[in-house]
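Only one chain comes next, encoded as structure tokens, the form predicted alone.
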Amino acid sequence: MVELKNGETFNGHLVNCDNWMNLTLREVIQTSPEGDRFWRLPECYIRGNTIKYLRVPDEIIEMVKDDAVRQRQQAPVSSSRGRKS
């Protein structure tokens, strides 16, 4: 779920996020700032500088942590120091 600075909320599946926190969401439900109007969108793009906060489910955060640990374990470790001749 993403809340914008203007009070609108977007609830959907995160598809992409870049270095500026621009987001692409799919299967989105947009809610007006007053909470009285709703729209269903197949996809939306949210510019990062308009985001107030976002909420990510705990199970997704755990999946990312586990994936990061797995990647660190699989990364080759270089034991040489300096330059080879």
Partner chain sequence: MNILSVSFNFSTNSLRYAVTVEVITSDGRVIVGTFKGFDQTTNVILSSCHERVFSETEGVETLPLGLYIIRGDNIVLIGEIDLERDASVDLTEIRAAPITDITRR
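Since the structure is predicted, the reported quantities are computational estimates derived from the model, not experimental observations. Residue numbers count along the first chain shown, from 1. Just so we're on the same page, rigid core means the largest C-alpha set that superposes within 1.5 Å between forms.
Not pictured, yet referred to below: the form predicted in complex with the partner chain.
Answer with yes or no whether Gln73 is in contact with the partner chain in the predicted bound form, where contact means some heavy atom within 4.5 Å.
Contact with the partner chain, no.
With a 4.5 Å heavy atom cut-off, would you call Ile51 a contact of the partner chain in the predicted bound form?
Judged by the heavy-atom cut-off of 4.5 Å, Ile51 is in contact with the partner chain in the predicted bound form.
Quick one: does Arg26 come within 4.5 Å of the partner chain in the predicted bound form, counting heavy atoms only?
No, no contact at 4.5 Å.
Given that the partner is absent here, does Pro57 sit within 4.5 Å of the partner chain in the predicted bound form, heavy atoms only?
Pro57: yes, in contact with the partner chain in the predicted bound form.
Phe38, Glu43 and Ile46 - do all three of these have some heavy atom no more than 4.5 Å from the partner chain in the predicted bound form?
No residue of the spot touches the partner chain in the predicted bound form.
Need the contact residues for 2-24: heavy atom within 4.5 Å of the partner chain in the predicted bound form, sequence order, or none if there are none.
Read in sequence order, the residues that approach the partner chain (within 4.5 Å, in the predicted bound form) are Glu3, Lys5, Cys17, Asn19, Trp20, Met21.
Please determine whether the C-alpha atom of Leu14 is displaced by 2 Å or more between the shown form and the other one following superposition on the rigid core.
The answer is no, as the C-alpha of Leu14 shifts between the shown form and the other one by less than 2 Å after core alignment.
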